[in-house]
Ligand SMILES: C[S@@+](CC[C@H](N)C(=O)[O-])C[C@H]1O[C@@H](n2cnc3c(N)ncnc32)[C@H](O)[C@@H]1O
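Here you get one chain, nothing else, as structure tokens; it is the form predicted on its own.
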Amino acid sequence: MHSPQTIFDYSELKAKVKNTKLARLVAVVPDTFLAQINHGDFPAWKQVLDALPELSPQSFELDQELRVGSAEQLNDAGRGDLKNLLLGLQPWRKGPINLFGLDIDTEWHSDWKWDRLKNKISSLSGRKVLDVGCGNGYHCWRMAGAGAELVIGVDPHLLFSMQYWAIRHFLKEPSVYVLPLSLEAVPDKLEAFDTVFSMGVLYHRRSPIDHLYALKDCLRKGGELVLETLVIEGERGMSLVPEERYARMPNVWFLPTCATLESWLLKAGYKNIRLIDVAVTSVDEQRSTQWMKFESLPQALNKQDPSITIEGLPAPKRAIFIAEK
């Protein structure tokens, strides 16, 4: 069982980054968040973590997939019990994740996004990496699998941190840490990371250029930004500002064209800017599952014309840029 000190205990991370630039970041993080938790669902979520079985994986895979342990380590009854426990932490949005033969079929095929960028970015080998808006840390684990020395994810949603700790309960070795913080909580001018990822965040920001500046502040000189966001077709200078919702989402502010986004990156002081991928999001990549039972992309598209949303706006298309500080 988990002791109270295990959940949200970042003393190991603090020891790793002592006397480095990253010490300023972890100083923001208390040794334990337990005394400060006031979310109404936290007691139920903590019960899930407390009830997780004590299993050490005989093997794990982070490079080609996120797999912890093997099916042989857990019988069908035990796998059923584990499934019932982890369903208590839904919705599971980023994945897929395999724990001892249990397939967590998440809302997003986040592995498809990873496959689109992993061979086009600078090697992560030996790098210190920040993943902004990391959710449950799925991509953080994949970054560790790609050779990163240290991966820190930040996301203010407490449930996603609980999902991360559920995975970390079984997979303690890699240097992957998810902090329940927003980017705004990261100290100014940190300049500590070799690579910074911002995937699926920019369009939720009221001031996208300020977001680009904040990401740049996290990078060392010469470091690389990996930016993934929603875009539209069109010329330089154009962007879509939804009047109300976009694909059912209420908090979407700016959807630029690729040329406009490049101009924003230039304005924020980045160089060597490259567009490495553009892909229409399919209903196979984002959909409802038994692990995420709420409405998803299929319900956000026009049934007669899936090239537009139910609001009559262009259907989701995502671009990935890389740029240097």
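These numbers come from a predicted model, not from an experiment. Sequential numbering from 1, following the sequence displayed.
In what follows, reference is made to the form predicted together with the ligand, a form of this protein that is not presented.
*Consider Arg168 of the chain shown here, and say whether it contacts the ligand in the predicted complex, taking contact as heavy atoms within 4.5 Å.*
Contact check for Arg168: no, nothing within 4.5 Å of the ligand in the predicted complex.
_Interface membership of Pro156, the ligand in the predicted complex, 4.5 Å heavy atom rule_ = Contact with the ligand, yes.
*Would Pro208 sit within 4.5 Å of the ligand in the predicted complex, counting heavy atoms only?*
No - in the predicted complex, heavy atoms of Pro208 and the ligand never come within 4.5 Å of each other.
_Taking the ligand as it sits in the predicted complex, is Tyr246 near enough to touch it, meaning that at least one heavy atom pair lies within 4.5 angstroms?_
The answer is no: Tyr246 has no heavy atom within 4.5 Å of the ligand.
*Listed range touching the ligand, judged in the predicted complex by heavy atoms within 4.5 Å, from 83 to 91, 128 to 136, 231 to 239, 68 to 76*: Residues of 128 to 136 come within 4.5 Å of the partner.
*in the predicted complex, the residue from Leu183, Val252, Leu190, Ile121 that sits within 4.5 Å of the ligand by heavy atoms*: Of Leu183, Val252, Leu190, Ile121, the residue with a heavy atom within 4.5 Å of the ligand in the predicted complex is Leu183.
*Which residues from 191 to 224 come close to the ligand in the predicted complex, meaning a heavy atom within 4.5 Å?*
In sequence order, Met199, Gly200, Val201, Tyr203, His204, Arg205 come within 4.5 Å of the partner.
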